[in-house]
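A lone chain, given as C-alpha cells: the form predicted alone.
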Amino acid sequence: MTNGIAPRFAAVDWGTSSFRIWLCGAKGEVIAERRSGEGMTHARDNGFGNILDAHLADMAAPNDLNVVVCGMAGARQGWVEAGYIDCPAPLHHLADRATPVAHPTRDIRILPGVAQRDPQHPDVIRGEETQLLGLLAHDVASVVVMPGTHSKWARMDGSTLTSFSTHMTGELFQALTSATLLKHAVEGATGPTDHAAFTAGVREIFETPAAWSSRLFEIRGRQLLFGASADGAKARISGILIGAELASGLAGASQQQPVRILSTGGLADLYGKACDALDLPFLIEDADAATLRGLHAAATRIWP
C-alpha cells in the first residue's frame, strides 16, 4: 500500500526514446510515477523485463501487480509484438486484443496498435490509439490532431476510430532547417517565435496548399531581397508546414466543430495559434492525462 491507497495496476507508456510508468489505484488515481529515457531503443539492449521490474521494485509495487502497456514495447522490434486491430477500430476493443507477456509473477498485457489497410492510404499508429481511448473517457471528438515529429490526425465516429493520417511535419522542419538551403535562412535565429511571420505562413499555405514548395523557397528570397530576419524565416517555415498539415488534416471536415489538439507544452500552443490564425475553433487536451485515462480504461476492461 502506497500513500494509503493499494495499487490496483501499473500503467506503462513505452515510447521509442522514453519510458513512463504510473502506479494506479482502483479508480485510476496516481499513487506514484516515474519517467526515464529507457525507451524501446534502450530496452532492446538492456531487457524490457529488467527495466520494468527495476522501476516497479523502486516504487515498492507488489510482486504480482498487473501491468498494462501501450506504445513501442508492442512493436515488431519491441518486447513482444502486439500486432494491430484494423481501422475502422472500436477503441474499446484494444483491451480485448491485448497481448500477454510471459512473466513469473505478473500478468502483463501490451495493447495493440491500429492499422489502416487502405491500399491508397496505408498507415499505422502505436501509442496514439491509447490516447484517443483516453480522450473518449473524457469527451468524444470527431477530429483530433496529435502534433509531433510525425503528427497524427484522427477521425472519430463515436468511440470508433474511422480513419487517420500521419504527417511528417516535425521531421520535415528539422530536415529543411538543417540540410537544405534554408539552413542559411535560419542561421542565427535565437529569439522567440515571430508570430506575425508564423501566422502569415499558416494563412498563405492553408488557402493554397499546393504552393508549399514554392512558398518555402520564397523564404530565402525574402532575406536576400528584403532583409527578412532569421527568426522570421524559422517561424515562416513552421507556419507553412503546419498550415499545409491543417489543410490536409481538415479536408472534408466541418470547420464549425472544434479541433481537439491532443498535446502538451509548446506544440499545443503552436497548433492553437495556427487554428486562431484561421479562425478555427479548437480545444487543447493534455496528452499525458489522455494516455493515463486510456490505460486505465483498458486495465478495467482486462481486469474487471
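Keep in mind it's a predicted model, so treat the numbers as computed, not measured. Just count from 1 along the sequence shown to find any residue number.
One more form of this protein exists, namely the form predicted together with another copy of the chain; it is left out here, but the text below deals with it.
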Has each of R117, M168 and L181 got a heavy atom lying within 4.5 angstroms of another copy of the chain in the model of the complex?
yes
Of the listed stretches (187 to 195, 146 to 154, 105 to 113, 92 to 100), which one has a non-hydrogen atom within 4.5 Å of another copy of the chain in the model of the complex?
146 to 154
Consider D123 of the chain shown here, and say whether it contacts another copy of the chain in the model of the complex, taking contact as heavy atoms within 4.5 Å.
yes
Applying a 4.5 Å heavy atom distance criterion, does D231 contact another copy of the chain in the model of the complex?
no
Since only the chain is shown here, I'm wondering whether V80 would be in contact with another copy of the chain in the model of the complex (any heavy atom pair within 4.5 Å).
no
Taking another copy of the chain as it sits in the model of the complex, is L52 near enough to touch it, meaning that at least one heavy atom pair lies within 4.5 angstroms?
no
Need the contact residues for 234 to 248: heavy atom within 4.5 Å of another copy of the chain in the model of the complex, sequence order, or none if there are none.
L241, A244, S248
